[in-house]
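Considered here are two forms of the same protein chain, supplied as structure tokens in two stand-alone entries, structure 1 and structure 2.
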Structure 1
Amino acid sequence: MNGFLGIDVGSVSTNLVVLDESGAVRESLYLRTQGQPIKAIKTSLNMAVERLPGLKVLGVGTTGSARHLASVIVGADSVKNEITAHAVAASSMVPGVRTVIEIGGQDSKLIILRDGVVTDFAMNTVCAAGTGSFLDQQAARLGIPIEQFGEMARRATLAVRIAGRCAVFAESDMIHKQQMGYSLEDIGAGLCEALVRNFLNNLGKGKEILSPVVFQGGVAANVGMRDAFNKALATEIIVPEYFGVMGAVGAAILAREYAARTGRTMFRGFSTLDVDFSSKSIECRGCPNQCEVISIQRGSQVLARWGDRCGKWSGVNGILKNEELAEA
């Protein structure tokens, strides 16, 4: 079959989606990145080709914080930031969507759309309070598998009030409530409400949140969080079928648009996956900036370099030709 790949390499998970020529999702994969993005990309591609033998790739799009790394390794046609990718995916899955809430491993986003176009967005600042990592950590502390956290919160009789502004405060507040004798269910539900309050205070400030509201990202799996958003916004919360991989869906849609315009792809093919990719980092001694330059290599061939400020190693657009690199 012919298809388009979307790859989203984030801090916590690496997702891959295959769209068919009509734009329908045919395969979706969710892997943990585990600090090794190159390995995660290769594994996900291998899994894709195992599940869809005979897949002919007509276009590839990448997104996520490692989108440039991913694009060099697979040969991507479109490289887009997460905000654009998530917005594109949400408006394709839920036509007419006006608000997108996305909570992932280390960041959270609020995207406002009007007539299918992004008109405003906000992303959390450096603080990761209220994102998936924090929920993960608290579930582990309470000895509850994260998959069951939402169901547990749903059984609460009373969502206790928990300070949600900072993960450190939230944790001490939770321990305090637990020592007073509140049930795990009530504390879990309280935590969900605290995170939602924190999200709406931080990102929702001054923004007009109108329905339809779409909730996506890994955290959307948590029914406790869905309920808390539903309660806080007093509107229906739509969780799309592929909520966990929407970034990859968006990347694939953008690749499909690109292919429709150009009719070709830069995809390196699945066979190149057998070659070893490696990265090497050096500290440039050319000036007092001492930039940490990284080169991504396939076998002995340098595919790209980045991390420099002056462009001596990376070239203007981030990728130099091999002969130019030899001189650098």
Structure 2
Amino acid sequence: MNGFLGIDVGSVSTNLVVLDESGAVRESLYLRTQGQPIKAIKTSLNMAVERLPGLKVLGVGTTGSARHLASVIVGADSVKNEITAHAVAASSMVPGVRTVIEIGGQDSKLIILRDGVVTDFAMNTVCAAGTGSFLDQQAARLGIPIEQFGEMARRATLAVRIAGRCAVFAESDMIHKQQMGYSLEDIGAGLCEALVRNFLNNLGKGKEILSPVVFQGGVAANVGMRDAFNKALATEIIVPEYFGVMGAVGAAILAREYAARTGRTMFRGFSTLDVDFSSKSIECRGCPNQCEVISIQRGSQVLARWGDRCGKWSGVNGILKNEELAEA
């Protein structure tokens, strides 16, 4: 089959989606990045080939915090930030969407759309209390599998009030509530509501949140969080079918649009699986900025660099040799 790849590489997960020529999702993959994005990208490509033998790639899009790295490895046609990718995917899955809530493992996003155009957004990349990893940690501390946490919260008779402004305060407050004798169900529901308050107070402050509201990201699997958002916003929360890989869906849609305009692709091919890529970082001492420059290499060949502010390194991709890097 002919298809378009969307690759979303984040700190927690690496997601890959294959769209067919009609734009329908034919395959979706979710892997843990585990601090090895290059390995995760190769593994996801290998799994795509195994599941869709004979796949001919007509276009590739990358997104996520490691989108530039993924772009160099696979030869991407479209490289977009997470806000754009998630907004495109939500608009495609839920036409007319006006608010997108996205909560992943390490960050969270609020995207405001009007008439299909992003008009405002906010991201939380600082406070752990508004992320999925915090929910994972507290579920583990309570001895509850994260997959069962949402259903447990639904059985609460009273969602106890837990401080949600800070991860440290939230955890200490939760421990205090346990010591007072509240049930795990009530504490679980209270924790979900605390995370929702954190999200709305930090990211939603001053923003007009209108329906339809789409909830995506890995945390959207938690029905307790869905219920908490529903209660706080007093509106229906829509969770799309591919909520966990929406960034990759958006990247694939953008790659499909690029292919429609140009009729070509820069995809390196699945032979990429047999190539050894490596990364190297240096601290440039050319000025007081002391930029941390990353270079991606295939053997001795430098494929790309980024991280500098002035363009001294990134502006000469593949020209400078390794000896020159060492002398920087």
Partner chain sequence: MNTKTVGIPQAMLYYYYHYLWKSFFERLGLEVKFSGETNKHILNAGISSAVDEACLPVKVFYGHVQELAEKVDFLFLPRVVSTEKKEYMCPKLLGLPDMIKASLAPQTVLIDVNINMRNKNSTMKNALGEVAEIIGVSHKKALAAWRWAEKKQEEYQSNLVLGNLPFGHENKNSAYQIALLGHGYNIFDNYINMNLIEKLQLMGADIKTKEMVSHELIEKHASSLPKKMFWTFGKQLLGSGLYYLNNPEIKGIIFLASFGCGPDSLVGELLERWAKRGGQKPFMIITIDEHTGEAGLVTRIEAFMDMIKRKVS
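All residue numbers here refer to structure 1's sequence, counted from 1. By rigid core we mean the largest C-alpha set that fits within 1.5 Å across both forms. Keep in mind that what you see is a predicted model, and the values were worked out from it rather than measured.
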Of structures 1 and 2, the one that is the form predicted alone: 2
Rotation (degrees) of the smaller of two rigid parts between structure 1 and structure 2, from C-alpha fits: 11
Following rigid core superposition, Cα shift of residue 309 between structure 1 and structure 2 in Å: 4.1
